[in-house]
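Okay, so we've got the same protein chain twice, two forms, each given alone as structure tokens, structure 1 and structure 2.
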Structure 1
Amino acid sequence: MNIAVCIKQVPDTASQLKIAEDNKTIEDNGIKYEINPFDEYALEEALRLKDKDNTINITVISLGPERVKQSLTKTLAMGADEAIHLQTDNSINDCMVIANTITNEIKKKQYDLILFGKKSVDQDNNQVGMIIGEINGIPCISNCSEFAIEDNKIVANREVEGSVEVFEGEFPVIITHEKGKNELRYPSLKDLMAAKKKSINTIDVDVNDNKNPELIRLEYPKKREEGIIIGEDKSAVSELIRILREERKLI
């Protein structure tokens, strides 16, 4: 079985972001990049399948600038078999462009299972997995918290509001992954050193974001005012209830 895991490199979720002077980009200075958390959960699921069946081949694919290589090396250290870097000059955020570029790559091999994180935590678009499914005529089950292979079929739990939908389908299939139930593995220093010697298949792709829509500006959300401390023990409770009920009419 061939599995592709598509990952995006994003700023660390703890990053404090600064809008650059052009009001359209984020300052790159001091940002630490990491694998998009949802993509890492997807990769973990693939690695767990491989733990049980060593004939499984895992290819990790990532689109982005030079720095993406560092994340790809990490996935090799975690246990992926191959890494493909679709190298661009800049980071690409246009979902249609991303989907078409990744499509060109996944067509080159017969993948049975193609995994994505449900969304990237930088642009929060939540689109690419489904679009690639549509372009390629491959069924996509989105927002899954876990999946299993049973009798050569995929059984995936899709998280929806207040319940879980269990979908069953045939291969090939695309899954977009929620945060999983399994803990992520961390590569050892030894694995990381060994992975640095493995080669990453780099393919230069000449793509750019479309100009429609046009990005007009970035801004910070309105800052919340610091509120008030009502009290320091349970005697503050009646005042809190009064405020929420009478002043704010929230309860």
Structure 2
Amino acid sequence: MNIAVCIKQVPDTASQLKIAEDNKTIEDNGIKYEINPFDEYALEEALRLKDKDNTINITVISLGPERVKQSLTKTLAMGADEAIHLQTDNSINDCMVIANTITNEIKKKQYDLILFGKKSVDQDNNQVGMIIGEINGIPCISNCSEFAIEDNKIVANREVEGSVEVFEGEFPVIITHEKGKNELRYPSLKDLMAAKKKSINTIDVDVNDNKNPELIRLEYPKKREEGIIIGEDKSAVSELIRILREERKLI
């Protein structure tokens, strides 16, 4: 079985982001980049399948600038077999452009299972995996919490409010993964050092061939007004009603 895991490198969620002077990018100085958290869970599921069947081959694919190689090296240290870097220095803001670029690489090999995190924590779009499924005519099961292979079929769960949806499908199939229930593994220092000697297949891609929308500018969200405390017991109710009616004109 061949498995592809598509990962994205994103700013660490603890980073304080600042808009650069061009108002179109963020300041890179001091920003630490990591594998998108949802993608890590997708990779973990692939590695768990390989733990049970060492004939499984895992290829990790990532689109982005030179720094992406750091994250791909980490995936090799964790147990992935191959790493493909779709290298571009262009900033890509459109999910269709990303999906088309990754699709061109996926078509080169017959993958049985293609895994994504459900979304990236920077753009928060929750689209790329499903778009790639539509482009290639491959069924996509989105927002999965867990899945298993049974009798050469895949059975996947999606948690919804108050219940669990269960899906069954034949290969090939695309899954976009939720946070997941399994604990993530981390590579040892020895494995990281060994992975640095492994080759990463770097492919230069030209995203300018696609209709990439123009980013006009980045803006900080508007600051919310500070809240006020008008009381701590039932006597505050009448004052609250007065403020909503007379000052805020909301009732």
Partner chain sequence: MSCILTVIESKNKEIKNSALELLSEARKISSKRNLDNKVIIIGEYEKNNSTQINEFGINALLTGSTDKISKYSPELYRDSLLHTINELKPEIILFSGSAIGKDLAPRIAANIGYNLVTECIDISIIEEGYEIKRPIFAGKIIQTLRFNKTPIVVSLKSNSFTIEKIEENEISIKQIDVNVSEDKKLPILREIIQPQKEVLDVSEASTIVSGGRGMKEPENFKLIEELAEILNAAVGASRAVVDAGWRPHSEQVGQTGKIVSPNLYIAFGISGAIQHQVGMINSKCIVAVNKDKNAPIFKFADYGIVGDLFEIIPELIAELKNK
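Along the sequence of structure 1, residues get numbers from 1 upward. Computed from a predicted model, the values in this text were never measured in an experiment. Under this definition, the rigid core comprises the largest set of C-alpha atoms superposing within 1.5 Å between the forms.
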Pick out the form predicted together with its partner chain: structure 1 or structure 2. 1
Is Lys197 one of the residues whose C-alpha moves 2 Å or more between the two structures after the core fit? no
For Ile228, state whether the C-alpha moves by 2 Å or more between the two structures after rigid core superposition. yes
Superposing on the rigid core, is the Cα displacement of Leu218 between the two structures 2 Å or more? yes
Once the two forms are fitted on their core, CA shift of Leu244 between the two structures in Å: 12.9
